[in-house]
Ligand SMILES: NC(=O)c1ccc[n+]([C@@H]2O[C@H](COP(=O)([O-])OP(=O)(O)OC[C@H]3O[C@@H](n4cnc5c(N)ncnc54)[C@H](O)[C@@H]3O)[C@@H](O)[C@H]2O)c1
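Starting off, we have a lone chain in the form predicted on its own, written out as structure tokens.
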Amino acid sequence: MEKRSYGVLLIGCGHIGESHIEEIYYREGIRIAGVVDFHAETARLFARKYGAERWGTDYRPFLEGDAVDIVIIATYADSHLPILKDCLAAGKHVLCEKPMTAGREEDAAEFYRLAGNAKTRVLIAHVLRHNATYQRVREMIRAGAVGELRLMRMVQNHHVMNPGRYGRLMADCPPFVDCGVHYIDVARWFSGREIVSVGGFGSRTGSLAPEGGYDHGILTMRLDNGASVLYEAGWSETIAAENRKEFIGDRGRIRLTLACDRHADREEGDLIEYYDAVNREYRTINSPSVYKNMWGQLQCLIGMIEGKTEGSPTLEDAYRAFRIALLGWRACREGRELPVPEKFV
């Protein structure tokens, strides 16, 4: 019997929490049963703005009873595991922001084990999986538009204007781990290949990273067909913002530019630039898309709850992306390339 209405509890009323709630609070079949933040005034204002039934500073009382069906965990990564444990013990479904946990492999393994054995459903928020432009580029690559995929170049640098937020994020893990899980997953999702080794190097360009830590890094990965993947991510006061995604094969290439980064025609959506090297032809494709499709992501979880869909990504895919990101962090610290195990558990 399908459940047509779902009570949603949001834990964490910060930047990413608002991205979630502003896309779902008005949808059919969704009730915002509660919002929680350790800042009481923030939670109160969220409740008023988004019509939440209740608000508070402690999520645990909200897990009692049947008012809440789905919990969105939008807190800092070091709190994900304990919150997940409480949610699963209370029989709640969970949409958890990436990364699964902070930078401890043991915590990630425990999260994966608990979520995999739960009677309820757990989806890790890899929102690019639900982005129409990324889906279209994947379809083009899988259909052979670039021939055999040889190189992926992905850059995601942020010029920090909110040092408190980014400094707190880097207390859990560096940007090439926090954001890297998205693009490690994209590399596997787009190519259908496995990452067999990872290397890289880290830098400290600003003042926000923990002592001895990195605010910038480049991960180098090798796929099982010999293709290369380069991923760069940095957050600091001095780095320039940059967003570049290129997918290059032996018969062509695809470049993806988000609407916000276009020099012209932003109203047309994202820009996909395709070069057919065989015929020496260029093609541009406008792709209207929601960058952070939080509603599509929640619909995926509801589909899992109702037995209609598999998770996207699956729990195994999300876990593998995170463990490869952690392995890349280790490779940066040790200054060497490391093999990626066939299985992490």
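In this text, residue numbers run from 1 along the sequence as written. What you are looking at is a predicted structure, and each value in this text was computed from that prediction instead of being measured.
What comes next is about the form predicted in complex with this ligand, which does not appear here.
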Partner contact for residue 129 in the predicted complex: this ligand, 4.5 angstroms, heavy atom: no
This ligand contact in the predicted complex: residue 330, any heavy atom under 4.5 Å: no
Close approach of residue 283 to this ligand in the predicted complex, 4.5 Å, heavy atom: no
is_contact(residue 80, this ligand) in the predicted complex, heavy atom dist at most 4.5 Å: yes
Candidate stretches 217-225, 87-95, 68-76, 245-253 - the one whose heavy atoms come within 4.5 Å of this ligand in the predicted complex: 68-76
Members of 10-41 lying within 4.5 angstroms of this ligand, judged by heavy atom, in the predicted complex: 11, 12, 13, 14, 15, 16, 17, 36, 37, 38, 39
